[in-house]
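Next up: just one chain, as structure tokens, the form predicted on its own.
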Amino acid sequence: MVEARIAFTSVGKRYGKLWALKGVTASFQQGEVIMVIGPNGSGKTTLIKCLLGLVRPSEGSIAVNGSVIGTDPAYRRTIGYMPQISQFPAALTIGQLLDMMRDIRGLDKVTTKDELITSLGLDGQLEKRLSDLSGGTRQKVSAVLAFRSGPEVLVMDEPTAGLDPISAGKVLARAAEVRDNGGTVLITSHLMEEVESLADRVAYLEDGRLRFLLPIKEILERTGQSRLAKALPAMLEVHETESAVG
């Protein structure tokens, strides 16, 4: 069996008496895109933060490339992260931020993948201060930072929020390239129609628990629907019925 790129084993995260995640076990493989969805408060953000090492699970373990992650942040060098809302040092320019993050990542100019700078129209804005950027331009900068190291794992939290349709398409196309080159991509999005054609499987979270992790094709076939937005409610009914019988 091919070793999973990412493996969650009985992962739980508790804040006081509240379990934000509980008993999550899932494996994500090389060369696939996972759409992570669920209602607000379902645990999506906590799942991502645990993978990135921003919070520590209260129980269970997470392995990346076969190694259980702990306090050593070195594994994060293989991860590209595009958050929904980026926090940038306001006094820096775009160019200064890109140079700083390249140095922090230990990249060199030859291997740094900066094609998106031109593709997203940022090459003429490198002297702009981050504090003066629109929300959409900040998202473009975040996309450049996520892709430029050639990540093995790419985590994208609402990546198209604030982007115009053309830029959103370019960012998602780059995510597909990461997948096609053997990477593992996790995307959270409320705009399922944008990501549906890109994703291979859907991880549905609710109340901190993983309700199901299934290929999109199987969800559509089992529910008799042609689009994911309509198939998901039907799939939840199927899952509840099967759980009750089981």
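Numbering starts at 1 and follows the sequence shown. Please read these numbers as outputs of a predicted model, since none were measured by experiment.
Missing here is the form predicted together with a small molecule; even so, the following discussion is about that form.
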{"query": "Option touching the small molecule, based on a heavy atom within 4.5 Å in the predicted complex, out of 215, 39, 182, 70", "finding": "39"}
{"query": "Distance check, residue 20 to the small molecule in the predicted complex, heavy atom within 4.5 Å", "finding": "yes"}
{"query": "Non-hydrogen atom contact residue 45 with the small molecule in the predicted complex at 4.5 angstroms", "finding": "yes"}
{"query": "Contact segment among 191 to 199, 45 to 53, 59 to 67, 26 to 34, judged by heavy atoms lying within 4.5 Å of the small molecule in the predicted complex", "finding": "45 to 53"}
